[in-house]
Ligand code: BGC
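Single chain ahead, written as structure tokens, the form predicted alone.
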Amino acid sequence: MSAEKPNFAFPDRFLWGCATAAYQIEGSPLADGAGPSIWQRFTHTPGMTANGDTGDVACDHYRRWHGDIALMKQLGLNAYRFSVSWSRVFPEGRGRVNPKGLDFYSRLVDGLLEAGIEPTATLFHWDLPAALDDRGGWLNPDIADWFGDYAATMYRALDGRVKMWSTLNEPWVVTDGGYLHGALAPGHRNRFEAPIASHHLMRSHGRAVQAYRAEGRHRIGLVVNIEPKYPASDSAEDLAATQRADAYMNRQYLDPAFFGTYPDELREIFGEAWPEWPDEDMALIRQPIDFVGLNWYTRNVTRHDDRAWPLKAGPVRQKSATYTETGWEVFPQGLTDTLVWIKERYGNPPIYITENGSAFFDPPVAENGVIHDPLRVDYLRKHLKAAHAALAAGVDLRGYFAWSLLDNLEWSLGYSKRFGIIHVDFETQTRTLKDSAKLYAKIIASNGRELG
């Protein structure tokens, strides 16, 4: 007698989507009156990206969005997460609005709605207008008001057609990569700058939520990347290192958003570089949000390491594990653990998995119109099962967005890493559904039952 087949059905009205970011896919970054962003500058600075790759063409989505929406419809997506390029709408970052830039997103949203796909918009996915960086960028306290004005402009233009908004995407990456370690735009490496940039990002988030309560009528949230930290041993040193790593990456943004406080460990990590912030700032940051967007890729097994600056915490590679092309361990249980952790720590807020995906090797050109990607297929299946396990544990999970719809510019890694479930031949711009896309279409059509 065979065992009963597991039921992996997801809730009714569950959002099945894919996610992208403007600079990674759009191309034409200066078209139709747009201003440059810090990523336009960064990728055009010699030595900053793999192979000198830039977003000048990327996936040419700025001109091919009609066809890309048709592919979304073919997959059966009922939602699509995209980001707005701030400098397309405000070429100088503030003041003058560029009507052609705003119109691009208006037409994209209308096209999605016509295809039966719910548009979900992210206001900031790393591409800060260069003109604002010239004024200090995230180090300038005035940026919260600049961001609030930009956000209000977008709400007035699109709210109603767009019913789900995110303020920031992964503020941790912006500050860790852009202000502490220098690997990402704007390329700074300064222990004193990183906490300031983080704080002004969160103040800007708060201001954008305030603006939404004045202008909008639907839902707004914050998107964070969480990487659960597991201690390498039970030693006091490893346990303390794990706590520091967790505070720095995972609690630094959600704690102030929900509790109005920063984790105490940040003072230990940054030492004299950690400022004390006024109560009114923390009240601004702690605006009630309607959901948490979770970007989840991997876990970290953590040990004490005096050489790892500034955390004194380093990763331990797992000998028997599968690792992606970006060096990330495949560990689906970590997704379940993270979702349950958010539920328990922050009062079970609505959660959308706003990014989840993997980079594995794919050939640059599809042969006979086929791309077999068995490791990505396995990753997708296992992580959706992990998401379903969190639902069974009582997590208020409302949607899943695969990262990414298309192979694209993987920031400083250029086009060397492919995350898409749709393959892009960057020479011809030919799109090819990978096996992972075909599986995802079946999962969507069955509302998860195909996972069984």
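Small disclaimer: the values here were computed from a predicted structure and weren't measured. Residue indices: 1-based, along the sequence shown.
Not on display, but discussed next: the form predicted together with beta-D-glucopyranose.
Undergrad: Could you tell me which one of Y297, F82, F90, Y179 places a heavy atom within 4.5 Å of beta-D-glucopyranose in the predicted bound form?
TA: Residue within 4.5 Å of the partner: Y297.
Undergrad: Identify which of F291, W341, W328, W146 has a heavy atom within 4.5 Å of beta-D-glucopyranose in the predicted bound form; exactly one of them does.
TA: Contact with beta-D-glucopyranose in the predicted bound form is made by W328 alone.
Undergrad: Based on heavy atom distances of 4.5 Å or less, which listed stretch (386-394, 29-37, 52-60, 409-417) is in contact with beta-D-glucopyranose in the predicted bound form?
TA: Going through the listed ranges, the match is 409-417.
Undergrad: Quick check on N169: any heavy atom within 4.5 Å of beta-D-glucopyranose in the predicted bound form?
TA: Result yes; N169 sits at the interface with beta-D-glucopyranose in the predicted bound form.
Undergrad: Any chance W126 has a heavy atom within 4.5 Å of beta-D-glucopyranose in the predicted bound form?
TA: Yes, contact at 4.5 Å.
Undergrad: Please tell me whether any heavy atom belonging to E355 falls inside 4.5 Å of a heavy atom of beta-D-glucopyranose, as the geometry stands in the predicted bound form.
TA: Yes, contact at 4.5 Å.
Undergrad: Given that beta-D-glucopyranose is not shown alongside this chain, does F42 nevertheless sit within 4.5 Å of it in the predicted bound form, heavy atom to heavy atom?
TA: No, F42 sits far enough from beta-D-glucopyranose in the predicted bound form that none of its heavy atoms falls within 4.5 Å.
Undergrad: Listed by sequence position, which residues of 23-47 have a non-hydrogen atom within 4.5 angstroms of beta-D-glucopyranose in the predicted bound form?
TA: Heavy-atom contacts within 4.5 Å come from Q24 alone.
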